[in-house]
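Presented as structure tokens, the chain that follows is alone, the form predicted alone.
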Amino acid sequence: MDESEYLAQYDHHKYPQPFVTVDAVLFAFHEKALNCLLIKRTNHPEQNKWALPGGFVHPTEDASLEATAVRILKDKTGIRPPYLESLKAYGNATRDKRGWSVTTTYVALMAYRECAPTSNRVSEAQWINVEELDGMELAFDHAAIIRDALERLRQKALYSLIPVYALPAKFTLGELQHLHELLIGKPLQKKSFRRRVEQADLLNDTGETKIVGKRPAALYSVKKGAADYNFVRNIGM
């Protein structure tokens, strides 16, 4: 028997199969705070609890796990985020009451905008300040997943400008610095931060301004390829 014959008669249903899903942790910066998008489940299990946008892998439709994440975000929230990164996989016999399950998770960043659910399996979609999440009972193991995603984003904030993708398309350097400070957990020296950003040459000056306090502040946009750049030394040093 050659390989083609073997594959033709192979029956994967003979072997135990866990549930395979994808969940996305979507962050955006709004009103000087980092927010996470949650949806309220309409069906069992975990009915009426807040959860991450997620769903089952469709083997005949999804070419990859990332494609599953993109489809799920679009189907449930109408969003296609500009930044999407694989986080980690979670799997055990207890995280889902329906049985043994594995979920692959992604961190996604986008500019804040109002989101409405586009699926009848979701009753609400709401941005929640990440500082408020500790007091909420979330579905499945999603609280732990969000904590891991936040830690990944905090690490990224130390050596890259990845957090910029959670800002609006046009932003001030003050907004970018404030977001990094939120993630890192300490204030950054203004001149040093701006010098590091300018030397990296990752931003475009749009020529536009907005009033911050009583003064105009220049508005910037991020250049293509900025997600691939790493600073030589951590920003917080």
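Quantities reported herein were computed from a predicted structural model and do not represent experimental measurements. We number the residues from 1 along the sequence you see.
Below, we turn to the form predicted in complex with a further copy of the same chain, even though it does not appear here.
Chemist: Which among 31 to 39, 207 to 215, 50 to 58, 184 to 192 is in contact with a further copy of the same chain in the model of the complex, heavy atoms within 4.5 angstroms?
Modeler: Of the stretches listed, the one contacting the partner is 50 to 58.
Chemist: Just to confirm, with a 4.5 Å cut-off on non-hydrogen atoms, which of L84, A111, L138, V102 contacts a further copy of the same chain in the model of the complex?
Modeler: Of the candidates L84, A111, L138, V102, V102 is the one lying within 4.5 Å of a further copy of the same chain in the model of the complex.
Chemist: Taking heavy atoms only, is L65 within 4.5 angstroms of a further copy of the same chain in the model of the complex?
Modeler: Output for L65 is yes: heavy atoms within 4.5 Å of a further copy of the same chain.
Chemist: Does the 4.5 Å heavy atom contact test between K88 and a further copy of the same chain in the model of the complex come out positive?
Modeler: Output for K88 is yes: heavy atoms within 4.5 Å of a further copy of the same chain.
Chemist: Is G225 close enough to a further copy of the same chain in the model of the complex to count, meaning some heavy atom within 4.5 Å?
Modeler: Answer no; every heavy atom of G225 is more than 4.5 Å from a further copy of the same chain in the model of the complex.
Chemist: So in the model of the complex, does L219 come within 4.5 Å of a further copy of the same chain, heavy atom to heavy atom?
Modeler: Taking the distances in the model of the complex, the answer for L219 is no, it never comes within 4.5 Å of a further copy of the same chain.
Chemist: Which of the residues spanning 187 to 219 lie within 4.5 Å of a further copy of the same chain in the model of the complex, based on heavy atoms?
Modeler: Result: empty, none.
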